[in-house]
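We begin with a single chain expressed as structure tokens, specifically the form predicted alone.
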């Protein structure tokens, strides 16, 4: 477990303990009344790596809860899924902080601590296709602001969301990261790959190829032939594949949302890759703050009274 201190003293007045608990990671924040992060905990204790959620929460956040017994405790992300600690059913879109907090599920831990599990979001398209997210909505709330914004949260299942005046109106999922991992590790495309470093030239070539006729299933095979005929060295093939799948994602999202400007919310490395791709395809891109989830948790906490969300 890695602990990153945000201040030299986490014993001051705290108003919130917020946890962003996903499939592969655990991030917790101790915040003051203004939303400033006093202390934080980061670890790889995602829900797939944990057997006892109660004990894991105590190990990471128990000392905070003991020191600040009146601070509400909010948990968001996959911890509220069917595979998590306590299931919090999805909240339908359009939805903002008020609607999401209104569907929070209260729970009392083994230590008698009152906690609130935040729901994820769902949206059904006009054609009847269902979309869901868990955890990303907390980050979205943290950067939503006013007016209309289009956000992308890259990852295994990249989420693109249209947000209007702080409420998620609709969103779409692209299985880009998972498709890349499957193709590079479990198909013939990966046989000639010799590294995973970023090759800007190969990445740009993949982005450009994503706009050619034929579609993704046709374009993917050029990763194989690009290595077979040594048009690209083995260490560049990963970037060629990455450019192809990200390029298809962005083009699909552009058609879906009619987007010209995007806010990218995610880890620094992946966010930089998406800014590079968006810029190459003529879409203006900015990067959101790294602590978007903490800001979102604070907004959700403001919708939940402390007596209901704490013991």
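Residue numbers count along the first chain shown, from 1. Bear in mind the structure is a predicted one, so any value in this text is a computation, not a measurement.
What follows is about the form predicted in complex with a further copy of the same chain, which we do not show.
Asker: Pick from 164, 105, 182, 204: which has a non-hydrogen atom within 4.5 Å of a further copy of the same chain in the predicted bound form?
Answerer: Flagged contact: 182.
Asker: Of 189, 97, 143, 150, which residue is found within 4.5 angstroms of a further copy of the same chain in the predicted bound form when only non-hydrogen atoms are counted?
Answerer: Checked against the cut-off, the match is 189.
Asker: Looking at 110-118, 195-203, 97-105, 223-231, which lies within 4.5 angstroms of a further copy of the same chain in the predicted bound form, counting heavy atoms?
Answerer: Partner-contacting stretch among the options: 223-231.
Asker: Although a further copy of the same chain is absent from this view, report whether residue 68 comes within 4.5 Å of it in the predicted bound form, heavy atoms only.
Answerer: Because no heavy atom of residue 68 falls inside 4.5 Å of a further copy of the same chain in the predicted bound form, the answer is no.
Asker: Mark residue 86 yes when one of its heavy atoms lies within 4.5 Å of a heavy atom of a further copy of the same chain in the predicted bound form, and no otherwise.
Answerer: No, no contact at 4.5 Å.
Asker: Is residue 256 a contact residue for a further copy of the same chain in the predicted bound form, using a 4.5 Å heavy atom cut-off?
Answerer: It does: once a further copy of the same chain is placed as it appears in the predicted bound form, residue 256 has a heavy atom within 4.5 Å of it.
Asker: With the partner left out of view, is residue 178 within 4.5 angstroms of a further copy of the same chain in the predicted bound form by any non-hydrogen atom?
Answerer: It does: once a further copy of the same chain is placed as it appears in the predicted bound form, residue 178 has a heavy atom within 4.5 Å of it.
Asker: Is it true that 14, 33 and 38, all three, sit within 4.5 Å of a further copy of the same chain in the predicted bound form, judged by heavy atoms?
Answerer: Negative, none of the three is within 4.5 Å.
Asker: In sequence order, which positions of 148-165 have a non-hydrogen atom within 4.5 Å of a further copy of the same chain in the predicted bound form?
Answerer: Those in contact are 157, 159.
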